[in-house]
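Only one chain is given next, in structure tokens, and it is the form predicted on its own.
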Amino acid sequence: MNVDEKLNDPAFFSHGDFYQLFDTMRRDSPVHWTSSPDGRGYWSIFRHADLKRILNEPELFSSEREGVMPAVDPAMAEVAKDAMGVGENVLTIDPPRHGPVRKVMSPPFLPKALADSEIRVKSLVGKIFDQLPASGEIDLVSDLAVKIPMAVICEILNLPEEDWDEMLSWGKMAIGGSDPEYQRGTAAETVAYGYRLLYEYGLKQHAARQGCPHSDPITQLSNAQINGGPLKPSEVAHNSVQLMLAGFETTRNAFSGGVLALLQNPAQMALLREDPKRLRLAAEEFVRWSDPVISLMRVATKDTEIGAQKITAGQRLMLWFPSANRDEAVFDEPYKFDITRHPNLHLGFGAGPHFCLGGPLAKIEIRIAMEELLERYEGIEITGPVERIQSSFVGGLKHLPVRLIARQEAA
């Protein structure tokens, strides 16, 4: 496979050495024209500085023109635009419209609210650990990494527990539709199906919450007045879907990827056990190392240049986050997993106006989950094959079978 074929192949990101490819591209072709199956092509962007600039200039590099999902074949391009609600979903709205919608959704994710919620998060995480089998034989992804952020975001959104499993299965199809394990039909059909079910669920929530006094983000969206009028039902539904998906995808991938890195780097695990206060810095390294987002797309709104390369208005750009987060120009020893790394200028939560709203919450969840893991278990052993998600959109593990060794057992 040549470079372009690899970048267009979701399977490459589940088993290929994409970090090695990205190292080569940062050095030899940091702004690389990439042919794509839809015939349009796009610019692949690999350097940290270039990604950061693009993310900070939404007026020049739009999320709203065609959305942010990698859409390199015609079927997926149509699905990505319609399913995600491009122009209605806060992730795909450019400033100045972006700000007021984000403001309505933001109160539970602001510092004071997050500080107040820590006790509740700890309680939710504790209950999930309490339900683990006594044998300690679990899939760390499906039994912990998925359930923790699901419980927390659904608590914030006031969504009933009996709906969580269905929502999770819909989310797997919407975000990971290119993975055969989640597919129902083609990749595009799977993504469309998952998003449609989530969207319909969001519409039901909107209908039920109009006129309600609750303060959760979905209720606030359902009753908000922006620029003198309410949001359309489709806008509420699309933003509800975004909250659900962002709430559990990023955290699950960062947490499971961070635990795997600790198991592969026992000296770092020892440092963490020696002083759990290192968890605040460790959470940042979890995100940098695990790369919960592989790529996001932007569209140039006018002619410009990136790294002396001319970019024409209307051309697409694909931002490769794993490359930016291993950029040797920014990170000392980028291939060293270092829980004491500081500063840690990763782009795992993005940058600019679209910086991940739930990023601070994700770090709290990772820290509390790791505190529980270290407190309850003396050791962790990998017991089966580790599998990555087959996707060029989101990055992470889908299976990590382990045996948790309880403290009394180890003694």
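Residues carry their position along the shown sequence, with the first being 1. All figures in this text were calculated on a predicted structure; none of them were measured in a lab.
Same protein, other form: the form predicted together with protoporphyrin IX containing FE, not shown, and the subject of what follows.
Though the partner is left out of this view, residue 348 does reach within 4.5 Å of protoporphyrin IX containing FE in the predicted complex, counting heavy atoms only. Interface membership of residue 386, defined by any non-hydrogen atom within 4.5 Å of protoporphyrin IX containing FE in the predicted complex, is ruled out.
In the predicted complex, none of the heavy atoms of residue 45 sits within 4.5 Å of a heavy atom of protoporphyrin IX containing FE. Using a 4.5 angstroms threshold between heavy atoms, residue 355 counts as touching protoporphyrin IX containing FE in the predicted complex. Checked against protoporphyrin IX containing FE in the predicted complex, the residues 141, 76, 153, 339 give one hit for a heavy atom within 4.5 Å, which is 153. With the partner omitted here, the residue from 198, 91, 187, 231 that has a non-hydrogen atom within 4.5 angstroms of protoporphyrin IX containing FE in the predicted complex is 91. If you check protoporphyrin IX containing FE in the predicted complex, you find no heavy atom from any of 31, 52 and 392 within 4.5 Å. Exactly one of the stretches 309-317, 121-129, 165-173, 291-299 approaches protoporphyrin IX containing FE in the predicted complex with heavy atoms within 4.5 Å, and it is 291-299. Along 239-278, a non-hydrogen atom within 4.5 Å of protoporphyrin IX containing FE in the predicted complex is carried by 242, 243, 246, 247, 250, 251, 254, in order along the sequence.
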